[in-house]
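Below, in structure tokens: the form predicted alone, a single chain.
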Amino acid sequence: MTPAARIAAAIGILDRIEAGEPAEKALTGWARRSRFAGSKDRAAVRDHVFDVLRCRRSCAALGGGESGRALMLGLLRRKGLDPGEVFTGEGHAPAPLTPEERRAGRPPEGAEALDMPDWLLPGLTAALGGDLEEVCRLFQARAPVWLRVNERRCSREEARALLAREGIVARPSERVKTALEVIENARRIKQSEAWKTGCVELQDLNSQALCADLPLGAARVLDYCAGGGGKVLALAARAPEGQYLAHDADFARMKDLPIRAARAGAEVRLVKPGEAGAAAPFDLVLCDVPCSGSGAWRRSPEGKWRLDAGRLEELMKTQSEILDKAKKLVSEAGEIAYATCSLLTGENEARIDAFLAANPGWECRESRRYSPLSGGDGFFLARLVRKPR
């Protein structure tokens, strides 16, 4: 595919997303219909689509509309490129620009320039304070690719050398001893020997930092909202002598966890919905709750535009319900680790305050935020324990 044909393909995919189709489904559907597209073509088209989704409002302002064509026009202008050199109508390129399209567009303002929804800006301002603009600007770019080194398999330097043999260049984090940032050939990771042998897993820097900050004198650990299981695998790698169980309200989300655990050399038992109580009590219950995902919007930018006030209220209700269930699963001397990948106070400190107000026998031992400005996604962690009797 030519560069212009890739842009034309991205326009069609963006139109499907604007009509309500999830981004991953739209991309997968296009790839299946476009057998002529090679791996480099698919990667380039995907990059165009996600570059727009991260900067959708500013692209719409610069392009003069919200159609896929206008959004791609805005993205080219945002990058300082001349759209007329791409929109030529030649071959499989997009049709030439109309006089109206040439005149359309304006500089984005306010929340548009930050690529945030208007309704969310007050909450983000309250949570981020003086860091607001810097975080929003950061979210307009792609997220770095981080790997967690599985120290049960190899050291960080051994993993780095193994990756380098296949042209994957990575540099160590100064903050987290298991973390490597991939700076060249990230798309080769899942075909690499380091991946296949369980030496590395994809995991965000701050997600690794959060796992490293959890206490693991714990003998029995339950990851209550395990999803794909990245955090429980990180915990099991730290203290393999413990017993690790993974639960999720959507059991299908854990379908790949047994394969990942076997590759990593970890033992993780899956628990079906409603059966966690039978396996209790636990020394540590990790609740990485469903949330807005606002701390990871540069990685999953579609969520920024799908979220609304009603959905946020539903999420906060679910978060409180999960905490109420978790408290029944913890041993007398154990603790709940409440985590989100959210920047919003309503999902973080406010949920902990509400839990403590309703449960006077509990206290917060520690809470902390992990800022996107530190190199990873935005996270929140609170450690809850029963008060001494």
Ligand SMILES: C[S@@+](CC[C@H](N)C(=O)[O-])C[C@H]1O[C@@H](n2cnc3c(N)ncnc32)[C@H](O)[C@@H]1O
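Numbers for residues come from their place in the sequence shown, where the first is 1. Predicted model, so just to flag it, every value in this text is computed and none were measured.
Just so it is clear, the following notes concern the form predicted together with this ligand, a form of the same protein that is not shown.
Residue heavy atoms within 4.5 Å of this ligand in the predicted bound form occur in exactly one stretch of 91 to 99, 288 to 296, 264 to 272, 183 to 191, and that stretch is 288 to 296. Annotated contacts: D324, F355 and P360 are all free of this ligand in the predicted bound form [non-hydrogen atom within 4.5 angstroms].
This chain lacks the partner; the member of R171, R152, R175, R253 within 4.5 angstroms of this ligand in the predicted bound form by a non-hydrogen atom is R253. The contact residue chosen from D248, D283, E302, E112 relative to this ligand in the predicted bound form is D248, the criterion being a non-hydrogen atom within 4.5 angstroms. Heavy atoms of Y224 reach within 4.5 Å of this ligand in the predicted bound form, making it an interface residue. Although the partner is absent here, T197 sits far enough away that none of its heavy atoms falls within 4.5 Å of this ligand in the predicted bound form. Although the partner is absent here, Q243 sits far enough away that none of its heavy atoms falls within 4.5 Å of this ligand in the predicted bound form.
For the chain shown alone, T125 is not a contact residue for this ligand in the predicted bound form, no non-hydrogen atom being within 4.5 angstroms.
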